[in-house]
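Below you will find one chain, with nothing else, as structure tokens; this is the form predicted on its own, and questions on how it binds or moves follow later.
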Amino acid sequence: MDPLQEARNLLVRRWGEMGGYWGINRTMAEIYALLFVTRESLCTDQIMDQLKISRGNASMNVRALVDWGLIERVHRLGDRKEYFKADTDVWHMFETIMRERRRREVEPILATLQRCTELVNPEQADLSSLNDEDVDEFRRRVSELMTFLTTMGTLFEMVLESGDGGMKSLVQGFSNIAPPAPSKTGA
């Protein structure tokens, strides 16, 4: 195997492993990575062959990647097959994945926390049979969690609105306020 193919395969495998941490399945991550590192667009058969996956698995995950906007369909003149290529804008990929994760994970938990708050609201429920300290502590913890998630959502939006250039400036700004390294004593 040539070094370029070996490097591609390694990246596809590692990206697939990382996919679980980003909230997407391994195959979906591997397909994206394969298309990302391949200059030419690929058809479903080529994706299946290179990743050793079934047609159903390939089709389902390609459809999801198209729906997310991470890959696009490419038609070749005189060829009936559909080909696919990745959006290679790394910032757009990050933004798309983060927005989708927010929609699928954060927004539902915020709605659940809001419902939990309503359930223990003394104006809406009879809490007389419950321990006041337990109810107060529950409300406090839920409120702190909602505040944290909302704050992180605001920070997330600020990062996305700043774009790639703004993100680089933000990182530089944070590096300027980083705590100093521990001093070495006894030298």
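For every residue, the number given is its place in the sequence shown, counted from 1. Everything quoted here is computed from the prediction, not taken from an experiment.
What comes next is about the form predicted in complex with the DNA, which is not displayed.
Taking Q50, S59, S41, T150 one by one, only a single residue has any non-hydrogen atom within 4.5 Å of the DNA in the predicted complex, and it is S59. The single contact residue among E82, E100, E72, E107, judged by any heavy atom lying within 4.5 Å of the DNA in the predicted complex, is E82.
Across the options 139-147, 59-67, 119-127, 156-164, residues that bring heavy atoms within 4.5 Å of the DNA in the predicted complex belong to 59-67. In the predicted complex, no heavy atom of N131 sits within 4.5 Å of the DNA.
A residue is said to contact a partner when one of its heavy atoms sits within 4.5 Å of a partner heavy atom; N25 meets this definition for the DNA in the predicted complex.
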